[in-house]
Every structure is written in C-alpha cells, then in structure tokens.
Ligand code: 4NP
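Read the single chain below, which is given as structure tokens and is the form predicted alone.
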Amino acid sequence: MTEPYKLLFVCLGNICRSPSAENIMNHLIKEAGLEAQIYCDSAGTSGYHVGEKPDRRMTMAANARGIEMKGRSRQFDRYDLEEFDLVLAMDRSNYQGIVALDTAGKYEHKVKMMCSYCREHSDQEVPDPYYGGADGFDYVIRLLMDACEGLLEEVKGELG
C-alpha cells in the first residue's frame, strides 16, 4: 500500500484554527471514504498551549455543525516540512514562521495559505477568534469548511 497524502494545518497556538481545520478535514475525508489515503495533523508556530485540548468555544462551534474536535496542541517543527506533503498556514504570520524554519528554501513549495482553497469566501487569512465572541468561532468554522472542501477536491485530484 502506498503512503497516505499528509496534510498539516498550522496556526499560532494550535487550539482554535488549526485543530478545527484538521477535524473538519478528517470529517470530510471520512464522509468521502478516503481515511486510508489522506492523513491530517495540526500544529502551532508557538509553544504557548502545548498539550492542551482544542479551545472549548471552538469545540462548541464545531460540535454545532456535527464536527467532533479531537487532539492536543503541539508545536510545529522544521522536520514537519519533510514529513508532510502540504503544510497549510492559517494566516500570513503563520506562513512566515513556517518558511523561516526552511532555511535552505527546500520545502517552500509545500507551504500554502489555507484560504487559497476557499470557493465561497474571499478572505485571504483565517482570522484568529481567540479574543472575540461566539460569532468569530462560528465564522471560522464556516470559513474552514469552505476551505477544506476546496482542499479535498484538490487532494483527490492529486491522488488520481
């Protein structure tokens, strides 16, 4: 059997946006019956929340749409650039933090902005809802659902 296509979602603390993207994507992958072909993980560019579960407000927003939130925060590591086929940054700051670890410029082609896969939303970045209210968490779930649906279509094309 061939190796699964590996996706890594990255935000700042790995408790709101990136675990949401990971769990939404896993939900869509399961619906499509592609669990053996696509693997997802998430990480944060900072180590602020290492070992923590996803933010409870994000979990509530995801659960309201039938998405189960699993996982624990971990910090992004430069070896992730070798390990994953595609690294998806939630915002420009995350993107810069990721490519800064690629000192030889060998993996920059693998690093993409999450919103580049949106089909309905025109956002360039996934906003960080951490310091806002419930509406921000709901919006991020809708935005990531859009981006993940577009990303899944692209990955399915890669898989043939």
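The first residue of the sequence shown is number 1, and the count goes up from there. Small disclaimer: the values here were computed from a predicted structure and weren't measured.
The same protein also exists as the form predicted in complex with this ligand; that form is not shown, yet it is the one meant from here on.
Q: In the model of the complex, which of the stretches 110-118, 24-32, 128-136, 63-71 has residues with heavy atoms within 4.5 Å of this ligand?
A: Heavy-atom contact with the partner occurs in 128-136.
Q: I'd like to check something about residue 152: if you look in the model of the complex, is any of its heavy atoms closer than or equal to 4.5 Å to a heavy atom of this ligand?
A: Residue 152: no, not in contact with this ligand in the model of the complex.
Q: Quick one: does residue 48 come within 4.5 Å of this ligand in the model of the complex, counting heavy atoms only?
A: Yes, contact at 4.5 Å.
Q: So in the model of the complex, does residue 143 come within 4.5 Å of this ligand, heavy atom to heavy atom?
A: Although this ligand is absent here, residue 143 would stay clear of it in the model of the complex, with no heavy atoms inside 4.5 Å.
Q: State yes or no: in the model of the complex, is some non-hydrogen atom of residue 15 no more than 4.5 angstroms from a non-hydrogen atom of this ligand?
A: Taking the distances in the model of the complex, the answer for residue 15 is yes, it comes within 4.5 Å of this ligand.
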